[in-house]
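Below sits a lone chain in structure tokens, taken as the form predicted on its own.
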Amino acid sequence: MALAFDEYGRPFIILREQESTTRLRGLDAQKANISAGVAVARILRTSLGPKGMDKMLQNPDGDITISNDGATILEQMDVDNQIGKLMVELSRSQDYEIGDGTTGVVVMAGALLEQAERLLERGIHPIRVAEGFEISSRIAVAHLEQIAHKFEFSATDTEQLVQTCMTTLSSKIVKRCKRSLAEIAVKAVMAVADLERKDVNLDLIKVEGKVGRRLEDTELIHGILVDKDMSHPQMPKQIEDAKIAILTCPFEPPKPKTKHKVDIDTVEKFQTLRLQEQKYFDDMIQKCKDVGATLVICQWGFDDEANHLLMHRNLPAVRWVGGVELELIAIATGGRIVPRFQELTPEKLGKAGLVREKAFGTTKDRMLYIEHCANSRAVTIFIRGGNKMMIEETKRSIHDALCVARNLIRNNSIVYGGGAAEISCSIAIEAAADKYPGVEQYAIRAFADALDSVPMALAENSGLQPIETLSAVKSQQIKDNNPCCGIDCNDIGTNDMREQNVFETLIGKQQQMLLATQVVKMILKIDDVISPSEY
């Protein structure tokens, strides 16, 4: 890019390779960006709410994903447009921070962009629109604080947490089992939660899945589930009061690391070498036995001869266990991961009340349950289902439910779902707009209109008359001054979300509004787009 001047001394820009780049400026650039953002939002709009549709995505390898989780859909979609990528980032950041509400945040941003386009066409400067949106989002976040309700729960009384998790799961494919799955999610979170510090380490909750049986057979295991079996079929399938040695060193005679050759030209030499290796390995097993280990879990493999010797010396072993699983086993059993045999001591052994191997179906699928551990902080949710896609989608749904429970432990305030919070904020922003005399007032009213698009999408997806339903609920909220009125998606016959038990976390809703506003402000500030033209 270079700067030149015409005969009147006015500067103009010369672009290198002008014919191979396209350039959009001013309103055209903003409109192009807005339409890209809105296009992404429209894709997700139909998957909002309990009656929302699922999307089926096929990646280049032919693997199919069926989901209605906003972050997953956008992650799998091949978005070329840079503004579209911003929307993908938006849902991802909502997923990282809150874990739930990834579809709603994109729908909200799309609605704000549509409103912004109308304002720009009227000749309002984009910076003034952005400022108006910023003011509105602050009003909305403050209003959410006012209408929020505190949930009181304890380690024994978790009904409120379960109800909130059920709201999350009701928009997923697993909604027929939402009660049992919500209870499993809450129990898992409460098992690993530190209620004093209001903190939950979700890394301690492992989610495993196996095809077969029904979704109702999903269970919570207070311990660790490892997708491995005993290294030898004749080893005991059940060990009680197990003392576990967790090793990250290879459980076999050392391989010569040098490039030298060993010439074995007589049978005696070979015999000596074999006995030497066997003695070396016997010493290893003896070390494990001496410290009192009754089960060895090893990160590496061991060959058939080693396996045979372990079997003979009555030391059950599991091989090829992944690093993450080893860490979880160490946390659960209170053991230490041992990198060298010389360091093995009785204090470093993990303790578990029961280690059992369980077979599934008619295939040779086996898994190892490590239960009744010394430190029961690590738990596993074991999902069953009819096919792989179902299990994957259930994992994503459970992740959302776990995040919701974690957020409630961090901050136990909730707002009402079904679009109730958005409608209430919309009314509050509309009322506050009169206090602002400048051009921002238009943007503030536009923000209020944009908020209505979430309940409108919920009504559309539920097969109701969108405008009629929304205006009825809105007038009911204003008349009764009741921020709990939302869209009756499940056709129960009441618009009061308190009676329907439809809750959402306050921090999740606030984050949605803040993130959507930030992204829209960013898109509005772009007024010049230079891109290489397509060949």
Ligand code: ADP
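Just count from 1 along the sequence shown to find any residue number. Worth saying up front: this structure is predicted, and the values here are computed from it rather than measured.
One more form of this protein, predicted together with the ligand, exists but is not displayed; see below.
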Item to complete: Kindly confirm or deny that Thr21, Asn33 and Met87 each have some heavy atom within 4.5 angstroms of the ligand in the model of the complex.
Response: no
Fill in: One residue of Val473, Leu506, Val40, Cys489 in contact with the ligand, assessed in the model of the complex (non-hydrogen atom, 4.5 angstroms)
Cys489
Fill in: the ligand: the contacting residue among Arg406, Arg319, His399, Lys172 in the model of the complex [heavy atom, 4.5 Å]
Lys172
Worksheet item: Which of 57-65, 42-50, 476-484, 463-471 has heavy atoms within 4.5 Å of the ligand in the model of the complex?
Response: 42-50
Discussion item. Taking the ligand as it sits in the model of the complex, is Thr333 in contact with it (heavy atom to heavy atom, 4.5 Å or less)?
Written reply: no
Worksheet item: Do Gln510 and the ligand come within 4.5 Å of each other in the model of the complex, heavy atoms counted?
Response: no
Discussion item. With the partner left out here, check for me: in the model of the complex, does some heavy atom of Thr103 sit within 4.5 Å of the ligand?
Written reply: yes
Discussion item. At 4.5 Å between heavy atoms, is Thr380 in contact with the ligand in the model of the complex?
Written reply: no
